[in-house]
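In structure tokens, the next block holds one chain alone, the form predicted alone.
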């Protein structure tokens, strides 16, 4: 456990890309000054939801060390992950932070049996000293996701259903006994009938295995169903972050309020009523380049200041909101602004 009690601490991270070449190209800020944290002793599911191109997958790559931040830091158990250089240190980091990707059929070659990947993972992370022990580790991980080694033995990916192969991908991530799973659109390639099966699996991992999950999606329905907290992303920013019930039932940011209009009201205390797949839209790249609030061009409550500078992060009830509506001399609550 880190000294400050945080499992993950993302501190004002920014990621910039040059588009169209270094000379005469455009600077795109894909992730812009984002901060959040996960506690070591409180496993939770934090969802990052946003349109295609909102920066959520870039942020995921940053957390997995596929990218380094242009500014800011990512601390895992108190250590700046950008200082991880040695192979042994990287292996130890990956034992604790495991990804689950969008399309499991891209993860597993159709020419190789599924079990081979699971045994390789045991070997690579040193989780067993012999084949018999490795088989037990694999079988235990598969049982955690509702499968067994006997069910997948000698089978190729195409011989498993979409739900089964995605559960195998989760089992593979569990072999190293991680503390954090980054799940990037893990149900978008799964049939609707199997979608809730997978999201329920993540909830069980949180409750039984005490694994925290960062769940990345463009589907607000599963986000509401699965999350403890949610961050709404827009053009590289997290514009609203807080408990999922507050953010999606009592949204404070005008963008989140706009999203809520397209989402059916959940039945009281029944997240299962959010079973419909509700997609967010596709981002407009030109909005990334705007000065000030990226939502100003479409916001019904826009003010002059919104076009001049980035809005501040303001605490509104249980939420953190990036919006000038709440930054006046007298702090307003979400209910007052939304009327």
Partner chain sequence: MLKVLRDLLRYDGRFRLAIILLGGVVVMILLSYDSPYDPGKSFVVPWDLPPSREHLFGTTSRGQDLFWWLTFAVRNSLFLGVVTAIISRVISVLVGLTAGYRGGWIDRVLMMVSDTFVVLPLLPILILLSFLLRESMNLLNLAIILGLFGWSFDARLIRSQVLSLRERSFTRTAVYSGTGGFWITIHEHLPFVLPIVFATTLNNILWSIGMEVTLSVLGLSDLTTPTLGTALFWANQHGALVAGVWWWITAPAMVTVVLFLGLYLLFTSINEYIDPRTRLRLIGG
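Bear in mind that the values here come from a model prediction, so they are computed numbers and not experimental data. Residue numbers count along the first chain shown, from 1.
Missing here is the form predicted together with its partner chain; even so, the following discussion is about that form.
Site residues 6, 27 and 79 are none of them in contact with its partner chain in the predicted complex, judged by any heavy atom within 4.5 Å. For residue 99, a non-hydrogen atom is located within 4.5 Å of its partner chain in the predicted complex, even though that partner is not displayed. Remark: residue 121 counts among the residues lining its partner chain in the predicted complex, judged by a heavy atom distance of 4.5 Å or less.
Although the partner is absent here, residue 303 lies well away from its partner chain in the predicted complex, with no heavy atom inside 4.5 Å. Looking at residue 61, you'd find a heavy atom of it within 4.5 angstroms of its partner chain in the predicted complex. Think of it this way: in the predicted complex, its partner chain has a heavy atom of just one of 135, 94, 127, 75 within 4.5 Å, and the residue is 94. Residues of 131 to 162 that come within 4.5 Å of its partner chain in the predicted complex, judged by any heavy atom, are 156, 158 in sequence order.
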